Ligand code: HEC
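Presented as structure tokens, the chain that follows is alone, the form predicted on its own.
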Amino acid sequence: MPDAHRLKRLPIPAIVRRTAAAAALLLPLAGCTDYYPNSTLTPHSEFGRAIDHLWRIELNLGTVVFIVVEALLLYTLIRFRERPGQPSPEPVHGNTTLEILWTGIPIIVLFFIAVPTIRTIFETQRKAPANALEVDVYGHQWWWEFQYPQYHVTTANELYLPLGRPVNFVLRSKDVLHSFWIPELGGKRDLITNHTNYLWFTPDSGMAPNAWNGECAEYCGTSHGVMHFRVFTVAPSDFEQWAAHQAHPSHPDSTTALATDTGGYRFPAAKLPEYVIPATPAPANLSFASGVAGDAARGRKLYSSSACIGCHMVRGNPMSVGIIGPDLTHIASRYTIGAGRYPNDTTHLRLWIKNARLMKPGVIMPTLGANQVDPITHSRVPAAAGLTDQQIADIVAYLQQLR
């Protein structure tokens, strides 16, 4: 007679079976590629290798512990399973030998984990070498500010580092908690309000110049998931050229001179890896009038008398001395806007100025386009107070000459 308490076998729908079979077949293919742009398993600095080495030790020890424990568990299940006519097992409570073993063995395992862990902590917490490049990192909601005090350079969301030179990051937050992380180089380390943290590493001198993704790894609000930055590891001579140019004002008196400025060194666009090129689509309900051409000279005058100057700095423009938003001194030399969310081109820059809060939720920058509805206040910008598409096009034409 069948067991009345045994659960009946429930039928599995055909679609579930097919989906499970397809997933089982496709899952192994997920590992059949060498395209891992944000992997911590391919470190390119001494900091990254120290963390990777510790991780491999713990993975190997954990694997051994797992195999031993599972083997003992299977042995126990088989050896001491219930058999017909077998007496009840004897209790093991108070067995001194067993208690010593299951206390002593974990202590030994933890010892082999603790020693390399403590060693790695001391290794990654020591002071940076005296010749290190200093970079002050400030986390904002939701963008990154980078200052190079040795070169008098301030930039946003793009970090240039020389190959083979130690870099000492001084990490501070301007508002809430953030976390600075470049997966393939080193990190991560938190930015804590009213507290300064430090992190340093040396990009490997033997690798070719490259571009990397960086991000915030600590939830910090609405747009935490799109608080990215780009890192360019370049030859020391190229870094010096880049820094020298970035230290200069980008707002000469002559518009003609401004237009002919080459912008110094910039990581070659042709060598940008696909994974650092943003592909976020612009909001479908945000558009810009077609066929509108911008005038840079007119845009310079308009920008210098607009609300933009209250938040943004353009070194060389005495009217633009704001410190709330990103420094725009050399904005045209950057590849992205919105902390890596969109490419820095005419189309996206126009849309950003028109309604930044629709482009990136929660940003401080107000909606400036005439007749645009602000996603935060839900109010419409009056036509008389907002910028027309022509005015925005003029401002963008000016900004695109700030190389």
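For every residue, the number given is its place in the sequence shown, counted from 1. Just so it is clear, the model here is predicted, and its values are computed rather than measured.
One more form of this protein should be noted, the form predicted together with the ligand, which is absent from this view; the next part is about it.
> Does the ligand, in the model of the complex, lie within 4.5 angstroms of each residue among 143, 311 and 352, using heavy atoms as the measure?
Per the other structure, all of 143, 311 and 352 touch the ligand.
> Would you classify residue 364 as touching the ligand in the model of the complex, given a 4.5 Å non-hydrogen atom cut-off?
Answer yes; at least one heavy atom of residue 364 falls within 4.5 Å of the ligand in the model of the complex.
> Using heavy atoms and a 4.5 Å limit, would one call residue 321 a contact residue for the ligand in the model of the complex?
No, no contact at 4.5 Å.
> Would residue 307 count as a contact of the ligand in the model of the complex, using a 4.5 angstroms cut-off between non-hydrogen atoms?
Contact check for residue 307: yes, within 4.5 Å of the ligand in the model of the complex.
> Residue-level question: is residue 337 within 4.5 Å of the ligand in the model of the complex, judged on heavy atoms?
Residue-level check for residue 337: yes, a contact with the ligand.
> Just one of 371 to 379, 42 to 50, 57 to 65, 337 to 345 has heavy atoms within 4.5 Å of the ligand in the model of the complex; which?
So the stretch in question is 337 to 345.
> Note which of 173, 329, 157, 233 lies within 4.5 Å of the ligand in the model of the complex, where distance is taken over heavy atoms; exactly one does.
None of the others qualify; the residue that does is 157.
> Which listed residue (162, 264, 183, 325) meets the criterion of a heavy atom within 4.5 Å of the ligand in the model of the complex?
Of the candidates 162, 264, 183, 325, 325 is the one lying within 4.5 Å of the ligand in the model of the complex.
> Pull the contact list for 385 to 403: residues with a heavy atom within 4.5 Å of the ligand in the model of the complex, in sequence order.
Those in contact are 387, 395, 399.
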